[in-house]
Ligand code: NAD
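Okay, here we've got a single chain as structure tokens, the form predicted alone, with questions on binding and movement later.
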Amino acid sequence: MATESKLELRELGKTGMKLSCVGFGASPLGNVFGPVSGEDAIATVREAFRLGINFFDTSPYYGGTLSEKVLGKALQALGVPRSDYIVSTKCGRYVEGFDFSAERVTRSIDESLERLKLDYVDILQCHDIEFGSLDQIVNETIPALQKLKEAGKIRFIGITGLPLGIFTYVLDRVPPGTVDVILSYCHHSINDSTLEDLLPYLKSKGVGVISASPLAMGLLTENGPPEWHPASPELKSACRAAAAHCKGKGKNISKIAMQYSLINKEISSVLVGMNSVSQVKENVAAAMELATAGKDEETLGEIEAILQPVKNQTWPSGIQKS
């Protein structure tokens, strides 16, 4: 049997790690979008790893710690060396609220490691820092994470959030090399590409970049976004029109959106939530097709034209997301 091609690996900033260009978002394993059985979770993670996904991202917030527990069991079931996969979890955001204090984030990593059945995580990220005090993140949280790094419980430090300005605020106030990675979401998709403007700055700081939500939290899908989605009626309407246009051509807007997000190789990994073997196969197939055949220039151009009037239209943070 022919050996299957594997996903492209991309360097993450100055960490020395190489992440699969498609990353496994494990929030759905916390039953965030409906129930996932333990067997299905293990099968999904196993298929992802088999097809070349080596980067798995979770948080104690997802499913009220369930995502971490399920991912931990699934990774253990792989039965492969720990160095074969990269795990990222988060701290500071919990079901009961936000707490970026040094005491809480220090306790948080021990809880996460126990749930994940790991001795260390590769990346620990401050989760959605716009909801806390950015000065506390700079002066208290990140120094606490540096101590965890020295203790060997984490290898690298990251920050996440929606508004792009939070990244420059923090990175301009911490010593160079303190923050290794940022995770941005909903700013590198067909309808909003503003993350690209920040890439030269992030590169100058030596910071690796991970992007999540290539489908803009459901906007760029045939089914459309969930009821709570904070986008304006105009943006939702334009995305519906773009999805219908694709469908009329026999194309799937989600696949084209996924490929669009993968094009810029300065973004190390595009995180996508997955909770089934079929979703894993679809996402990997989209990446492999892009690598071999290139992007669908014609359809992408038509989608961009439809979305142009609402391009880079953002929405307020503060909305529940998974």
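Note that residue numbering begins at 1 and tracks the sequence as displayed. Nothing here was measured: the structure is a model prediction, and the numbers come from that model.
Not pictured, yet referred to below: the form predicted in complex with the ligand.
Annotation: in the model of the complex, residues P28, T160 and S254 each come within 4.5 Å of the ligand through at least one heavy atom.
Interface residue remark: N264 is not counted as part of the site for the ligand in the model of the complex, having no heavy atom within 4.5 Å. When the ligand is considered in the model of the complex, E282 lines it closely, a heavy atom lying within 4.5 Å. In the model of the complex, none of the heavy atoms of E68 sits within 4.5 Å of a heavy atom of the ligand.
Using a 4.5 angstroms limit between non-hydrogen atoms, M217 touches the ligand in the model of the complex. Stretch 178-186 is the contacting one of 111-119, 137-145, 68-76, 178-186, since its residues have non-hydrogen atoms within 4.5 Å of the ligand in the model of the complex. A single residue from the set A287, A41, L271, I53 has any heavy atom within 4.5 angstroms of the ligand in the model of the complex; that residue is L271. In the model of the complex, the ligand lies within 4.5 angstroms of at least one heavy atom of each of the following residues of 119-144: H127, D128, in sequence order.
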